[in-house]
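Before any questions on binding or motion, here is one chain by itself as structure tokens, the form predicted alone.
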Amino acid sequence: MFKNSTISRRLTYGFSAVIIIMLVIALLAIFRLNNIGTSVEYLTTNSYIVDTCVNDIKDGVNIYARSMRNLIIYVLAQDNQRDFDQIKNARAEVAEAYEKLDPLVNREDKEELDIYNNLLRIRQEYLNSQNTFLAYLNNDERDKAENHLKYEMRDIQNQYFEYIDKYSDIIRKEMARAGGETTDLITQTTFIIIAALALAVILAIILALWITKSIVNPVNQCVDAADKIADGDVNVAFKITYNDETARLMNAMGNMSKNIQAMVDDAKNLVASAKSGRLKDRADANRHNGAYRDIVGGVNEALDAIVDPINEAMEVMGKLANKDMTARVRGDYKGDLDLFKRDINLAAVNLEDSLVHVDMAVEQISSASTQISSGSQILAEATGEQASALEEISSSMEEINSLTNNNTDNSKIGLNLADKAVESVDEGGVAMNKMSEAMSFILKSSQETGKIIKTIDEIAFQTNLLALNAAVEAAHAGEAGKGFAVVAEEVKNLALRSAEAAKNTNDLIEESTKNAELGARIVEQVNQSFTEIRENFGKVKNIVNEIAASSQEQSQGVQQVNTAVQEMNKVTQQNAANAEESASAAEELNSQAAELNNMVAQFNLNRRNAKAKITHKAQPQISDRREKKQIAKKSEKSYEVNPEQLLPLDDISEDDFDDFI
């Protein structure tokens, strides 16, 4: 029953049960309070009034007794009248008290009823006896009234008070009993209310725990499932024990998990299809609802946006494979797909440009082969003329060989003279080094001597100071110090002469030092000049060695040239034969170029614009290559050597060689 109820119903049941218990407690409290009210009302409206009436009766009887006693004691009329009035008033009050008391008498209580009836009887007897007493007083029979009061009314009055007290005791007992019952009723009511409240609290706690558990457990399952889904685990299961809102929530989360799993399955299928090359496969968006359908549809649209350019690119590549070089990707794409489009188009353009280059190159090859054929014929005719020129070159090379041998002999003589000059320069350099060392030693000695003279000058200065101090002391001594003053004066003069001599000596030594330094610098310059001379003669020796080596190499080269001329004669004859073969090969090359041209013609090219562009670019390149070949030929034919570039003799005069003769 409760498992099929909703959360709102369970909460309604729980709060209704608590409310019912609270109503029961309230009704029970009201019932018990009514009982307590009845008891209190009995005490306040019955027992209390009865007790008050009894007290009023007793007070009236006391007034009777005092007033009648006063009537006997006092004889003045005014005093008696006041007592008569009190008796009269007391009678009226007592009568009124009996009127109030009579309906409140518990006539079901036999004891109370007997006492009440005896009280009424004694009252009547007391009133009759009182009337007799008042009659005696009215008849001025005071003695009879006094005797009647002392002897006859005394017993009746005592009995009256006795029955009043008995009835008062019964009323007090009744009040005590009613008060005890009220106290017991209050205690029972308090215990019952506390027990009912405790039961209500326990029941409320049980209901709260049960309702909380029935709500929290499914919610915790939903939270755990949400955590798993947030972590990417969509395989969630729920244990549904109630048919309420939490059950609908768990069912909804289960459906959400299934929908997400379906999306994941679709994504896996799309990835597998893409890996297998099935780019046309798409996920079925209609099997999803709401945003899931939008997501799957968006994935399909994204695949379409990616696959469409790939399909167009494949179509273009198919056309290119079928030799249609004009095919291009024309679609309007964005981002990386636009880069993909541009790269494919750029590849097609480059391939087309390459084929156009090949076409142009075929035409150039065909033209070049024709030129080679004509050139080969011209080469064969020029070969005969080259043979006669080689004979003249051979005779000229023999004369050059004899001159080269003479240069070799002269270079050997110059090499010997250069070796002797280098030895003489080395000896002069050694002597100048020794002189430089001697000048350095002299300079060092002069510096040491200057230090000694400076020390002597300092000693003279100190001696002069001592002489001055001695003269001062002698002046202080007076006559006894005159002889010492003379000695101090002589010492002072001697110190001054020593200082002057040291100064003159120091000046001479400084001048000698300067001369020694000048001599050292001159020696250094001379030594440097010898070093430069030695280096120059070393250069001359190297130049002469190079001349000798060059002359030797020239001699060998001339011999090699003679041999080469003879070989060239043979080669010239062979070139004539090769020229004829080149002509035939050029014709063959021309036929192959025509065949290659036919192959390129099978491709559909934008020939007009591309060919014009390539022709414009190719002609300068061909002319550049021709100019480079002509410059190379000129450089090979007009290679000249300046002897002064090998032997820089501008800085060497004839006088430099006179010392070695």
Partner chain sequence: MTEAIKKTDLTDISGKYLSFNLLEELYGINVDRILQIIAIPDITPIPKTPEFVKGVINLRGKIIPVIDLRKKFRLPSEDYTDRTSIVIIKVEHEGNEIFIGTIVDKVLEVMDISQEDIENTPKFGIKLDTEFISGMAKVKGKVITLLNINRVLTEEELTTLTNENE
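Residue numbers count along the first chain shown, from 1. Because the structure is predicted, anything quoted here is derived from the model rather than measured.
Just so it is clear, the following notes concern the form predicted in complex with the partner chain, a form of the same protein that is not shown.
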| item | value |
| --- | --- |
| The partner chain contact in the model of the complex: A499, any heavy atom under 4.5 Å | yes |
| Exercise: E517 in contact with the partner chain in the model of the complex, heavy atom 4.5 Å | no |
| is_contact(W210, the partner chain) in the model of the complex, heavy atom dist at most 4.5 Å | no |
| Interface membership of R330, the partner chain in the model of the complex, 4.5 Å heavy atom rule | no |
| Which of 174-182, 427-435, 462-470, 283-291 sits within 4.5 Å of the partner chain in the model of the complex, heavy atom basis | 462-470 |
| Contact residue in the model of the complex, chosen from K492, R123, K166, H357 - any heavy atom within 4.5 Å of the partner chain | K492 |
| Contacting member of K334, H476, K275, K110, with respect to the partner chain in the model of the complex [4.5 Å, heavy atom] | H476 |
| Neighbours of the partner chain in the model of the complex among 341-358 [non-hydrogen atom within 4.5 angstroms] | none |
